[in-house]
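Take a look at this single chain, the form predicted alone, given in structure tokens.
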């Protein structure tokens, strides 16, 4: 009898817990509405929404390669399976055309869609929750005035039980803190504006912070570097591998132009970010740079001296190795790379001086390997550096030898292990669509930012 009572108590407790969890996880649908009249939105609100959407890099995730702007369908690989971005055009059947602003606001602030479904944090609502009501209204106006596109994303490829969306409510209990952004009274207005944009709309930490096994950003390693779609998002805190420390001005120029002489060029997903920031007001770019530069803290005198020595060395390149005997990697470098990277032509017309580039000093060779294999082709309608790829002309062994030489000559870090295996894996994976900005700015968005259009 005692055992029966114990079992009954356990079952009862489980039922109560399950009912309580469902009560917490369940969210009511929000009634659909007819698509709003696009003429009802104030033009200044639309212009502001266009700038915010660009700063948030919305097109990068919500546009499939070769697809229509914001129509969704892009595959977003995660450790738990592939998630496909949704259609956020105002199409009433497959997009968000029937969403009232209340539903749009709930998705950004709480991670719940109009139908009441919990959203996967691949949609970074843990950052978007910081947005002000005014900015959400501007974004809503912008997306509701985009071209309607009828497009249904493929079903997510997430295995049971992770495909049960209600479980995401449990994830939120541990890892999600609802906004909005609270200014830091000890900091300047510019710093707070930069923090609001970086932590919120631009969701910089979504890429630049490592994640735990449950896919949440590690708060203890904030901006400590992450990996996304085969690329490194380098650490921006004190662990930054940049040979020359970033400061506000270098970050401002990098975010505005996509390159900086003492750091290199934007590539991979970051290239799309910079492409979108081309329409962001200069004051906001400066604010982002001010905030991000503060993350690493003050630069030590020792590191500053080392950086100055590197800059001096870059002005007077040593050329071939002092031994006078070329290794195979060194020979390949002088035959294929030195013509641009040691030409002393400044960016963007010459190659970055690799002694200053973060690539050779990175924690792994992913970024520099992608660029060597696939190059940096010109992007239609977007600013971009150009470099040929060597996948067709160099073998795995030759590329591994080249990268080994570049690592040894242009950094003070230990050799990357298993280089030939990494080259083979990267080649077999094929060229990522993030080699360069794949989509650029939506033409209507660009017109709004320029003050053109109806």
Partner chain sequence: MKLKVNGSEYEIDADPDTPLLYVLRNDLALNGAKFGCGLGQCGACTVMVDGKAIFSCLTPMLVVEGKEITTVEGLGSIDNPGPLQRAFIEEQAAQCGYCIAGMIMRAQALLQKNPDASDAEVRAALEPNLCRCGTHMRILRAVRRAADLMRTAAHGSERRAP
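Just so it is clear, the structure is predicted and the values come from calculations on it, not from any experiment. Residue numbers count along the first chain shown, from 1.
This protein has a second form, the form predicted together with its partner chain, left out of what is shown; the following refers to that one.
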Partner-contacting position among 415, 31, 392, 39 - heavy atom within 4.5 Å of its partner chain in the predicted bound form: 392
Heavy atom within 4.5 Å of its partner chain in the predicted bound form - the one residue of 117, 303, 345, 218 that qualifies: 345
Contact test in the predicted bound form: residue 429 vs its partner chain, heavy atoms, 4.5 Å: no
Residue 408: touches its partner chain in the predicted bound form, heavy atom cutoff 4.5 angstroms: no
Contact test in the predicted bound form: residue 398 vs its partner chain, heavy atoms, 4.5 Å: yes
Partner proximity in the predicted bound form: residue 35 to its partner chain, non-hydrogen atom cutoff 4.5 Å: no
Segment that reaches its partner chain in the predicted bound form - one of 364 to 372, 121 to 129, 153 to 161, 335 to 343, heavy atoms within 4.5 Å: 335 to 343
